[in-house]
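Presented below, as structure tokens, is a lone chain in the form predicted on its own.
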């Protein structure tokens, strides 16, 4: 008699979730066990799924930008797209070896409406395999400027919804650090980033504030919240943007003022286009 699958008794796994998929993604061990690290990862992905699921109800194309191993894309397809008559998930990743592995896994599982493109950020903007407009763009733990690349792609493709979980924002902090002496001599406010740990944390916070203003300047309503509890991940900020129409009138001016105040105006081309 065949032994029951131990994974079926794990309460964290959502009903209808493919156990084979979770094993292929190494979230479950081969004997159906869930360890503490993978339990944390699964909780993060499921929590993000709860925010994305309603956005997919009338969406046909979701693009996972900087997909990596495509954990998010596979789970979204399995839970949201697989049983539908239409809908497609496209993973964009610059590392060909990860793209090839994702293609092989999709073939094995019969996920016929998943596609994976091996291309750079620049190439993704005009890639022949992508339509002029897409419905949803996601980027989960896109490191440093990869989140900005996903935003640029989403704006170029006129995405209806954008869901971002930024990670390791270092660029703004690096510019603040390089110009710290000038800032300290000119601005009392620069005491906020005089110490290295404050530079790092404030730079990360400013990065996401500027990203939100950029999205608002392009006509998106923006919500910022926690992804999961801080005990699960320090990279915990979730940005959800939905296209509503008219841009926020002063968003670009506010962003430009922040860049001036923090002496990082050289980053204007990234945050005020």
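Numbering follows the first chain given and starts at 1. Rigid core (definition): largest C-alpha set, two forms, superposition within 1.5 Å. None of these values were measured; they are calculated from a predicted model.
This protein has a second form, the form predicted in complex with a small molecule, left out of what is shown; the following refers to that one.
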- Item | Which of 114 to 122, 79 to 87, 177 to 185, 193 to 201 lines the interface with the small molecule in the model of the complex (heavy atom within 4.5 Å) | 114 to 122
- Message: Under a 4.5 Å heavy atom criterion, is residue 153 part of the interface with the small molecule in the model of the complex?
- Response: no
- Item | Partner proximity in the model of the complex: residue 98 to the small molecule, non-hydrogen atom cutoff 4.5 Å | yes
- Looking in the model of the complex, any heavy atom of residue 219 within 4.5 Å of the small molecule? no
- Query: Should residue 105 be counted as a contact of the small molecule in the model of the complex, where contact means heavy atoms within 4.5 Å?
  - Reply: no
- Message: Would all three of 209, 212 and 224 be in contact with the small molecule in the model of the complex, where contact means some heavy atom lies within 4.5 Å?
- Response: no
- Would you mind picking the one in 170, 130, 109, 146 that has a heavy atom within 4.5 Å of the small molecule in the model of the complex? 146
- With both forms fit on the core, has residue 41 moved 2 Å or more by CA between this form and the one not shown? yes
- Query: Can we say the CA of residue 120 moves by at least 2 Å between this form and the one not shown when the core is superposed?
  - Reply: yes
- Item | Pair residue 165/residue 41, Cα separation in the model of the complex versus the displayed form, closer or farther by 3 angstroms or more | farther
- Message: So the CA-CA distance for residue 41 and residue 207 moves by at least 3 angstroms in the model of the complex. Closer or farther than here?
- Response: farther
